[in-house]
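The chain below stands alone, shown as structure tokens; this is the form predicted on its own.
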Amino acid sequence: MSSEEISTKTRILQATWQLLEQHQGQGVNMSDIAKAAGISRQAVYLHFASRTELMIATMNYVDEVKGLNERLNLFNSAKTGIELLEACVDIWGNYIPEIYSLAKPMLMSRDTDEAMAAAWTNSMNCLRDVCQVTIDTLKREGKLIKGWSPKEATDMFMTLISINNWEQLTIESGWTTEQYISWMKRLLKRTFVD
């Protein structure tokens, strides 16, 4: 792959990210992306076979630019279920404010935009995996509160740390990121840890 191809692909990803944020995820099509990247529409399709592929690649690009993999080292170094839970909340609670301007438009348009829905699902599956590992570890350690099945606990964990709940607490209610993280850790421990 030549450096020109890398540069063009990066320009496409950057243009897509910027347009999604500017247009709240609405009405961003391949022609707009091509124009913003300074290339032809056909050139976009040379790099991304479909709009869905481009949306997924854009989310992955944002995660790369924001250093998500490096942040996940905190999760990977956790040894116990409680440490995993705390690491998950630390990572996600600090990451949401950084991706919110992209996540919000994706959330708003996923019901009517198949490509957005696929990109969002792809990203949330990664978070779900982290939640499931945490719950499975608590269960294996005998610390998951009785009555929870691992699936139900994972579903609830995902719901409690959802962007919608973060938005309600931080944007609507004025909580700081530190307050959100501190109280979310307490809430999740009381909810899941025996």
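Residue indices: 1-based, along the sequence shown. Note that the structure is a prediction, hence the values are computed from the model and not measured. What we label the rigid core is the largest C-alpha set whose atoms superpose within 1.5 Å from one form to the other.
Heads up, the form predicted in complex with the DNA isn't pictured, but that's what we're talking about next.
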Exercise. Is there a heavy atom of Ser40 lying 4.5 Å or less from a heavy atom of the DNA in the predicted bound form?
Worked result: yes
For this session: Determine whether any heavy atom of Ser149 comes within 4.5 Å of a heavy atom of the DNA in the predicted bound form, and answer yes or no.
Result: no
Exercise. Applying a 4.5 Å heavy atom distance criterion, does Asn164 contact the DNA in the predicted bound form?
Worked result: no
Exercise. If you check in the predicted bound form, is Gln168 within 4.5 Å of the DNA, heavy atoms only?
Worked result: no
Seminar exercise, completed: Assert contact_stretch over 47-55, 136-144, 121-129, 64-72 against the DNA in the predicted bound form, heavy atom within 4.5 Å, equals 47-55
Exercise. Taking heavy atoms and a 4.5 Å limit, what residues of 58-74 are near the DNA in the predicted bound form?
Worked result: none
For this session: Could you tell me whether the Cα atom of Gly38 shifts by at least 2 Å between the shown form and the other one after core superposition?
Result: yes
Problem set entry | Inter-Cα distance between Ala49 and Met108 in the predicted bound form, nearer or further [3 Å or more] | closer
Exercise. Between Pro105 and Ala49, do the C-alpha atoms lie closer or farther in the predicted bound form than in the shown form, with a difference of 3 angstroms or more?
Worked result: closer
